[in-house]
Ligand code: HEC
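What follows is a single chain, given as structure tokens, in the form predicted alone.
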């Protein structure tokens, strides 16, 4: 009897230890899922600034991605973030001005979100300092999603899956805090820097660009066009605010709406040209349907607006040179 009793004690002890080991394994698996997510950056790209209170994890990114494609974020449940930022178009729109709830027209052309993690001042007027705050504007804009942040968070908090994902990602119930940070986390993973130009320029694969594309590259980077004076560096933008002579008169005051400075009137952020092949129509109001029209605008020297950047002047390009520039710009498209 005593021997049988000792055997049972031993079996119980093993059972308890097995259970403890099982719990520890679950703990470590959970911790592993919450390890920092490392962005897959091209070696020649800078490192983006990521807020300390919203470091990247797999759970946060997955939650943000689900939110990005969910029309429940809009007041009438018809519009998601992806309704105006199509993945196939480098996360831009195909319309000059996007349509929100009730088919309302937006104010400006929806820009690409690829590489948005590197943009220091968001929106075309630079009115927002980071992605967490940026989320609020399209959400609450009556012509876009038309939903108060608090109300949107309250609606989604009733969803069991969102509650579960929120607790895994941020260790708290779903809330406005979680909503804006998860969306920002997902958008920071949208990186596009693996183009044929990158292979040519940074990996010495000289067969990646055709002769016409190489001629266009030389034009782009020389003083005849001055393209690279504003579209500089690996991101093809200096992030400055400029007037490019798009119109003789403007309906949109641009940067001045943020700074209230006369000198900033009708100026807009210089966009990145990466993936520009995919982001038509072009300009802050989507007024150019294709790259050929964009090149012709600069070839003509703009509309000679009073605030126009003096670098923009007639270029007197030949038809072949214009075609070569378009060809080069298309070499900046990210390859999956």
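Computed from a predicted structure; not experimentally measured. Positions refer to the first chain, counted from 1.
This protein has a second form, the form predicted in complex with this ligand, left out of what is shown; the following refers to that one.
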property	result
Contact test in the predicted bound form: residue 144 vs this ligand, heavy atoms, 4.5 Å	yes
Touches this ligand in the predicted bound form: residue 264 (any heavy atom, 4.5 Å)	no
Distance check, residue 116 to this ligand in the predicted bound form, heavy atom within 4.5 Å	yes
Residue contact check: residue 63 to this ligand in the predicted bound form, 4.5 Å heavy atom	no
Selected contact from 246, 152, 191, 199, since only one has a non-hydrogen atom within 4.5 angstroms of this ligand in the predicted bound form	246
Selected contact from 122, 235, 165, 156, since only one has a non-hydrogen atom within 4.5 angstroms of this ligand in the predicted bound form	122
Options 136-144, 202-210, 255-263, 169-177; stretch whose heavy atom lies within 4.5 Å of this ligand in the predicted bound form	136-144
Stretch 301-317 - residues with a heavy atom within 4.5 Å of this ligand in the predicted bound form	309, 311, 312, 315
